[in-house]
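Listed next as structure tokens is one chain, alone, in the form predicted alone.
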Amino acid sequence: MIPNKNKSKQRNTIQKNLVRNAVQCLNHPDAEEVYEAVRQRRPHISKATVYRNLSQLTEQGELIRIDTGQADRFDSRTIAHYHMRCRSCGKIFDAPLPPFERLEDRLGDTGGFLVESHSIEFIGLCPDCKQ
């Protein structure tokens, strides 16, 4: 029997649960924020373990990776939704807008470009930075 190399990615370890819970409790954290939150509960955990588990949870579809152009952020809300990002502090919030179904169908001729998904990000100032 050939061992399943992906089996370790499927295991539900203590570390993976801690990383998942940290993302759920924090507001769109970056990897460093997740690491700091997990370290509070498990002081000897390494950054590599946290980063590896963030990658695995993202690959498994349990988290969404948000590319901000700087530090990636993570979201445990995996249903389709849009984000608002503060241009001053960088915080990310869920946008109160239902996703457009099949928006890519409205593009028309894409010149052979295969659209697989879309993302919409609203950029502005959060209430704290607006003051």
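One rule holds for the numbers: they count along the sequence shown, beginning at 1. Not measured: the values here are computed from a predicted model.
Beyond the structure shown, there is the form predicted together with another copy of the chain, which is absent from this document and is the topic of what follows.
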message = Considering non-hydrogen atoms and a 4.5 Å limit, which listed residue (55, 68, 78, 46) is close to another copy of the chain in the predicted complex?
response = 68
request  = Note which of 86, 37, 31, 64 lies within 4.5 Å of another copy of the chain in the predicted complex, where distance is taken over heavy atoms; exactly one does.
outcome  = 86
query = Using heavy atoms and a 4.5 Å limit, would one call residue 12 a contact residue for another copy of the chain in the predicted complex?
reply = no
request  = Answer yes if any heavy atom of residue 25 is within 4.5 Å of a heavy atom of another copy of the chain in the predicted complex; otherwise answer no.
outcome  = no
task = Determine whether any heavy atom of residue 104 comes within 4.5 Å of a heavy atom of another copy of the chain in the predicted complex, and answer yes or no.
result = yes
message = Using a 4.5 angstroms cut-off on non-hydrogen atoms, would residue 51 count as touching another copy of the chain in the predicted complex?
response = no
message = Residue by residue through 79-112, which ones have a non-hydrogen atom no more than 4.5 angstroms from another copy of the chain in the predicted complex?
response = 84, 85, 86, 87, 93, 95, 96, 97, 100, 103, 104, 106, 107, 108, 109, 110, 111, 112
